[in-house]
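A single chain, nothing else alongside it, follows as structure tokens in the form predicted on its own.
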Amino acid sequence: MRVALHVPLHKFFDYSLPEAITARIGDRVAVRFGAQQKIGIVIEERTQAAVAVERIKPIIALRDDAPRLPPDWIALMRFLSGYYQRPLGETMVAALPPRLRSTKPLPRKALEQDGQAFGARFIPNHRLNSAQAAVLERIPNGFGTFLLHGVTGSGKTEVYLHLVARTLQRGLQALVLVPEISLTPQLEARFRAAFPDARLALMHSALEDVARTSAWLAAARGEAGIVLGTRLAVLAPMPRLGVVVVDEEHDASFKQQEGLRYSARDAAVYRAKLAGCPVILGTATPSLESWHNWMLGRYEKLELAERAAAGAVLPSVSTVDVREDSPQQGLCARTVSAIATRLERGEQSLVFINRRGYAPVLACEACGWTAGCERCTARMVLHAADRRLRCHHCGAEAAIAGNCPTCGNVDLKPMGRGTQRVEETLAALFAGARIVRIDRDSARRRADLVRTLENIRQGEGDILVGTQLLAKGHDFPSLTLVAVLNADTALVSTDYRAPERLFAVLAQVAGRAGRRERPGEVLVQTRYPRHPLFAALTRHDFAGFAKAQLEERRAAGFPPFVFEAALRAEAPRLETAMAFLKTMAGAVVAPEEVRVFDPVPHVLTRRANFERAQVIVQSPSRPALQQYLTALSEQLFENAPRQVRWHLDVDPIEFD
């Protein structure tokens, strides 16, 4: 038997099969590896071994407390391992819940079944309108990739529900992926209300081990009719998979940023192809890769161009020129007036600033000193609630200094604004208003976030202050105003994806306003009111924005017109990381179609006391790039020195 193990080696291992053990491909087995006992997965049955028979150790035990991993799941793991250049053993074993990787028996609670039926009774929130019905009609039962481009509030979720109902009625399973844990409570409630008889398995990394293991087992046994979760849910075996839905397909959270750096969106498409079922990529702001795939005819585009609620229209979007309407404490007079008007009407406002904490910089005006992180090339963020400085890159904390360490000045000033400071400003401007702040500091516990969001939906809050946690997936009936602060940073970023991300987040947060009969308004404070991005946003013209961005990408030679990978390295000294990258990149002769750039330091060069650098590799040919990466990967696993930490990132989306 050939067994895949999660060990730091790019190879497989042969084990003999004792007569007393009946193991097949896809089974989990306990084996001896060195002095340790490990869990492995059988991937091949072989009659001849690569080593002498007397050196082959026997399989210790068959772990039959979970279903055998099916062939389509193994095929998915092989694809992910090959494409993202990680060992198959690491890919397979890491895709299992932690308890299934352990040699300890599964907890009894995880093995219990809750008795829910695989039912198909469907209680929709409302009937589909003509546009939604037309979209549903165009989705077949067989494989196809469908880009569901629907404006915010157009009822994409209702289409998902009816599509899942159709799937359950055929006795099949549905996989629904969402980008963030914060989006699961509302969607989970919608699905449970619509399908009271069907078993729903919830899967995300914040679940405790027993709950996560139970959900995985329900999916793998085919007991769960609906699997709802974040990116890790795409890795769960589902023997009767009938449809895959990827909500907010453009979201960067679908890309794993450690270990196997896979895109759950792309894995979902491949998974649907293996299962022969449709995959729906839903969003109001498609990724440029998905939009380009539609233009090339690889995806079919489905449109929901209008809001679903009776009388609801897209909000009006306008810019506020901060050069003319000078902000006071971060808020322009027009913005303050608009909030006051909503308070008088009993309507809700959302002030959006994608920066948590009190202020991004603590500075000395006398000498120019700023509070920096000792472990990173980054500034510490001031958090006023507990009077601490925190690094949002490595997590380091420090007390606020009583005086400037450079010149001794005791008058240190917070510079810039975060959610905490905006909340403080609004409380001073609107005494008596109920202000609710939602960011990763205020919503650390999922139960608290669920309760807060439900209170907001019930109207318990006048002014909301939040980051991207409030930008997408939420429906607040009384919210009619969105004010966006500090949106200009992305316009001067060196990251070619920054404009795409800015447009997406602004369109998404704008979509929270006016989702019922009362009209919505969006105000964007900016120094660049005539920027083409804001012009497209005010017209709700994603197609025009995408066309302009794709033209720029084509001219510059960026994805999706080339395929890209990044070899990254970390070491205590920058010179070590740079020398390693130069040596490794030069160890493999690149095909003519592949361009290997020189090593460069990261923009954030030092993080958590490690100096970081990277090499970018590009090619117009995906096969040529994969050929080079496969050869490079072999060199890395064989020859990389221990003092350097490295990884290959295929189709990277982060360059900080």
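Owing to the predicted nature of the structure, the values given are computational and were not obtained by experimental measurement. Heads up: residue numbers just count along the shown sequence, starting at 1.
One more form of this protein, predicted together with a small molecule, exists but is not displayed; see below.
- In summary, the region of this chain contacting the small molecule in the model of the complex, judged by heavy atoms within 4.5 Å and restricted to 582-590, 150-158, 528-536, 554-562, corresponds to 150-158.
- Interface residue remark: R240 is not counted as part of the site for the small molecule in the model of the complex, having no heavy atom within 4.5 Å.
- The small molecule is not drawn, but in the model of the complex it has no heavy atom within 4.5 Å of R86.
- When the small molecule is considered in the model of the complex, L136 lies well away from it, no heavy atom lying within 4.5 Å.
- Contact between A308 and the small molecule in the model of the complex is found at the 4.5 Å heavy atom cutoff.
- Though the small molecule is absent from this view, in the model of the complex it lies within 4.5 Å of a heavy atom of just one residue from T467, T145, Q132, T319, which is Q132.
- R127 is the sole member of K104, R387, R127, R323 with a non-hydrogen atom lying within 4.5 angstroms of the small molecule in the model of the complex.
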